[in-house]
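Laid out below as structure tokens are two forms of one and the same protein chain, each shown alone and named structure 1 and structure 2.
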Structure 1
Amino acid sequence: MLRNNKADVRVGLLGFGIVGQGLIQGINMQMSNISRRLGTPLKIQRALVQDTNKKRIIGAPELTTYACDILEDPDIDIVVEVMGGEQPAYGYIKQALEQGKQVVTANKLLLARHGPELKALARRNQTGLFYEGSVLGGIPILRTIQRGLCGDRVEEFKGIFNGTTNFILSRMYELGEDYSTALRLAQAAGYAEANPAMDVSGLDAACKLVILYRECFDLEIQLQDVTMSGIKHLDQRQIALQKRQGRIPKLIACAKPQNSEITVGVEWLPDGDSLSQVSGVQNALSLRTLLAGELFWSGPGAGGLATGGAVLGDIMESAERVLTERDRGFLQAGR
């Protein structure tokens, strides 16, 4: 394929927190492989932050406090949203898609609430919306479902979709720590936000369930269709009682369309269950299909590097689309 190698692929970051810094770290570790695969450099042009003077662990690209410096920059090919939250991320992504930019996001709340609308907007503007990092951290499950299982039919799934709560429950069960202690350790390790409400309430897992449900079953559901509960109600008395009976607490997301079961909540699993053995910040998915039968994945579900790696995979795919479009324009110009 003839490729225009005179221009690199330029990326603008909306947000530069744990995931954004994990992404930069991943790019630095993989720079030579990225350039070799794309045939041209990948450059982080600019990152949107709230405070340009804040000290950061990893070296930052050029920083700005103005979203327009990214969204209105014609040299930026790909907009990567890793700021989280519904607003202003929703408006920024819409603007980027309307301008025909490729968009990558790991924002599960935004996609759970607006995913179908944003996907339709991307189609109308003949651009891409990529969101592998929004579900199950470092496990590339969306690509597997969209491509690897496109000839099969998913019938049901259940899994551990939140690494933060799995870390907390593992500490409480295995080490006898109370909820508050385990939560503080999760925050200190960067697995939990300063405000952990979205994780511990079950909302984070519910958002991922909604996204995965749409991909697996091609059916539309909303967050309010999920029966949801979290982990804050658990104490050591309950855990000790269940532990004596050989049962392990896990926050489980479950979808069975045939009986309309769409739930997120604590389940007490026997120690022989595959999901019961998933410890720490690991995520896992048990999925049953018509042809392949039972399938199982596990991998890191929290932390900047794991999610940053999933985002980088989406950036690579969107960069290849950018370069294909350049090739097409280059060839047409040469006729």
Structure 2
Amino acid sequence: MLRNNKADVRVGLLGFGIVGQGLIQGINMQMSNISRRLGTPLKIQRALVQDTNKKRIIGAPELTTYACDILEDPDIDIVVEVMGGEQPAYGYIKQALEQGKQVVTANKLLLARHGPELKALARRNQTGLFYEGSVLGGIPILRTIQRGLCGDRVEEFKGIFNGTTNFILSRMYELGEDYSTALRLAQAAGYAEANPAMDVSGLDAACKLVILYRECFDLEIQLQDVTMSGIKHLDQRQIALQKRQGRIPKLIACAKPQNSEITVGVEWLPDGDSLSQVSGVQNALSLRTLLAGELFWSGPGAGGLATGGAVLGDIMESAERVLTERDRGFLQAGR
């Protein structure tokens, strides 16, 4: 095999927070599997952070505060953006793609706003843009749609796309807590940010809905196309009233292209509905396809290890591409 003669595949991280560190933990746990599968080691070259002195939960690769140490390093084959936010992440990803580097990202906000443009840029530069970690964390849904369901057709989907709001709603429903107590607990447990606006407004779920919608239906939609409401308006009086009728509140993301329905909002689900049984920080997706009918997934929608695992899957796929390209170059040079 040509691959055994090749050098390792090198990765640069933009960000070394919850997901970045979860990724390194995952790589450490899977090191020998990864090398065996690729036929060569995967090396994390360095990571971009804001503060190199911050305490981390895991031994860091070399840290830098200069993005050019990653974006302009010719030895780095794959750039992994796990810093979050729109800027400067957007500019960094564009720069990496323009240089023909493979890019992996878990940044749902960025993809919801700029996904089609970045995918086109990747195509023009004959490289790859991978983003499994951006939708439902540890549930491998994008690859399933792109590969597993490529002979089928998704007709509609519905799901719980945000673990923080599901945690809050579960506590309000099951334990009778009010909204602010449940939110405080979510923050103390590390499920909600100090500023929880993106979760509780429904924006986080809407970003994932937009990304998944484009994958399922191959249609261009934007965040503005989503009819969105959050969970802040809910109170115990409403919950108690609905509970007596056996109805459970869930923040549901729903896409039914036949009815032009693209929504994120609270639905009161009957006890028997499979989504009503998804409790705490779990995410879930119910998908109806033309051939297979109803399909259902549930699992961790966030967290360092689960999301890091999804990012690692993307790194593996892009590393395969890097190695195939090297093999091709090697063969051409030998002609």
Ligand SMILES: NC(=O)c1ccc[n+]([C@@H]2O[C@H](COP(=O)([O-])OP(=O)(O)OC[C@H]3O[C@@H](n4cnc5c(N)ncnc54)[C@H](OP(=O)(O)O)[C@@H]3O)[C@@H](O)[C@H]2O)c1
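Computed from a predicted structure; not experimentally measured. Here the rigid core means the biggest group of C-alpha atoms that line up within 1.5 Å when the two forms are laid on top of each other. For residue numbers, the reference is structure 1: its sequence is counted from 1.
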Correct structure when looking for the form predicted alone: 1
Rigid core fit then Arg237 CA moved by 2 Å or more between structure 1 and structure 2: yes
C-alpha of Ala189 moved at least 2 Å between structure 1 and structure 2 on rigid core: yes
